[in-house]
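A lone chain, given as structure tokens: the form predicted on its own.
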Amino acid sequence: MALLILLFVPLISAFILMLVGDRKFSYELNIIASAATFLAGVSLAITVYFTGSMLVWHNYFFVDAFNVYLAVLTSFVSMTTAIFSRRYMKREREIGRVGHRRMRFYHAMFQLFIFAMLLCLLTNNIGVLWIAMELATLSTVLLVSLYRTPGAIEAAWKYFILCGVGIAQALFGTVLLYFAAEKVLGEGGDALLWTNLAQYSDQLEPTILSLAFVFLMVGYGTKVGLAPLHNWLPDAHSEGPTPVSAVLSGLLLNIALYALVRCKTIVDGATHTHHAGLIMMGFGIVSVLVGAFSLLRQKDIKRMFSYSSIEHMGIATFAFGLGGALATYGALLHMLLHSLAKSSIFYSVGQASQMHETQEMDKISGLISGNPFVGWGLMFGALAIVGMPPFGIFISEFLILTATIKQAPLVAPVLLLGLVVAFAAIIRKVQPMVAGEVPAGQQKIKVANLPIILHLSMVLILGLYIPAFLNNWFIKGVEILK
């Protein structure tokens, strides 16, 4: 029942919100639907925690400690983003950036996007995963173009073309996976099920799976935002509405990385080598460096934090590629903390941009004086994302760096260089915006406090103490991904 609610509430809500349109209660309806999805996710997670992995609905869906943890995270961030959207999008409506039709469109596509991400996570079929990933792409392309400005249309078009090419590569990799599995499992849908592929991975043709992973890496790596496949991501973040940036950076990138990690476990089982891990490590470390050094020359605040997302997804990809209990534990923790911290940052960034009516960083200043909550929210969010203790990202990065020193010592200085450059760049850019005099013309806005408080509090608490149930959850995840 919990799985049914988790999947169908956002799907049904998308159609309801499409009919409701831009009525006064559409914002609240979006929040209620997202909250119901989150509660269903928590209920499903509790069931999995006590009973273990399970197959549902004639093996069409598979739930274990790895994907249900991401499902809860996805539904939680979607709920807090819906709460943030209420005031943020009302302000956009008031100043004329969006109209009646676009608000109807925004709410419907937001819920459809949630449905697509949850379907990606919970399906047991690699073909359905590919379809759901394409649905997530199409719904976010439409959200990125919401403002219908030339920049927004260009960003959405670039996003669509680059991710379309990427997802085509992923389709070819999926076909190769099926081709290898068909010889062992026979024709039909059984050869597309994750559970069957994992169970019989040691019987699959290693050469075909090695080739398949290359295409899957390029395809889903484009969706993760890994360099050099990342060019769509900064434009999509800077031109789309801020709530869309929050869910893109905090959620969609995780979903694509989830698909890659699942594929890696199958390829590792077939080849009995570290071939797939080395490819992920290469893409990951390049992304860390590209993201970190690109931060230094950014002038748009949303573009800057989009490059930060590239860096952090590079860290998680590198850690999963490195493998081993410590690195995998650190990667799982890093995905959680990055999603919470980065979405919180975009909440603050969106409100700062509304206050100054610009996203150019040199025109934003005096945030702490003008609106202490926005200013301190951005400052603490920046400290969290660069890994300043006692925030939790320090712990995840420390674990990953420790594992790197132990398993790949020659790469450790390169990883450390990326972390240091990103730290310096973000602090250097954020400090002038939060400090200084309040500029003339700074707008007074109603601030959405709750999402920022929730996210930053969780990132801080997890830096000081990881609850036993969450620690056990990550340990189960590590066992699944070994």
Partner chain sequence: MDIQITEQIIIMLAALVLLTAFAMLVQRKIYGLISLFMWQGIFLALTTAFVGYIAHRYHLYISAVLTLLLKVILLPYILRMLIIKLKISREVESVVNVTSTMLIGIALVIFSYQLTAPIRQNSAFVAQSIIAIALATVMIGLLMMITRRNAVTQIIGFLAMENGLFFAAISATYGMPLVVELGVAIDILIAAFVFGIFSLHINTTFDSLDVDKMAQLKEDY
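It should be emphasised that the depicted structure is a prediction, and the values quoted were computed from it without experimental measurement. Residue numbers count along the first chain shown, from 1.
Form predicted in complex with the partner chain: not shown, discussed below.
4.5 angstroms heavy atom contact with the partner chain in the model of the complex for Asp268: Output for Asp268 is no: heavy atoms all beyond 4.5 Å of the partner chain.
Partner proximity in the model of the complex: Gly164 to the partner chain, non-hydrogen atom cutoff 4.5 Å: Because a heavy atom of Gly164 falls inside 4.5 Å of the partner chain in the model of the complex, the answer is yes.
4.5 Å heavy atom contact, Pro409 and the partner chain in the model of the complex: No, Pro409 sits far enough from the partner chain in the model of the complex that none of its heavy atoms falls within 4.5 Å.
Touches the partner chain in the model of the complex: Lys90 (any heavy atom, 4.5 Å): Lys90: no contact with the partner chain in the model of the complex.
Position in contact with the partner chain when the complex is considered in the model of the complex, options Tyr329, Phe394, Tyr200, Tyr178, heavy atoms within 4.5 Å: Among Tyr329, Phe394, Tyr200, Tyr178, a heavy atom within 4.5 Å of the partner chain in the model of the complex occurs only for Tyr178.
Single option in Leu192, Ile83, Cys120, Leu340 placed near the partner chain in the model of the complex, where near means a heavy atom within 4.5 Å: So the residue touching the partner chain in the model of the complex, by this definition, is Leu192.
Which of 298-306, 276-284, 376-384, 260-268 lines the interface with the partner chain in the model of the complex (heavy atom within 4.5 Å): Of the options given, it is 298-306.
Partner contacts for 193-221, taking the partner chain in the model of the complex and a 4.5 Å heavy atom cut-off: Residues within 4.5 Å: Glu205, Thr207, Ile208, Leu211, Phe215.
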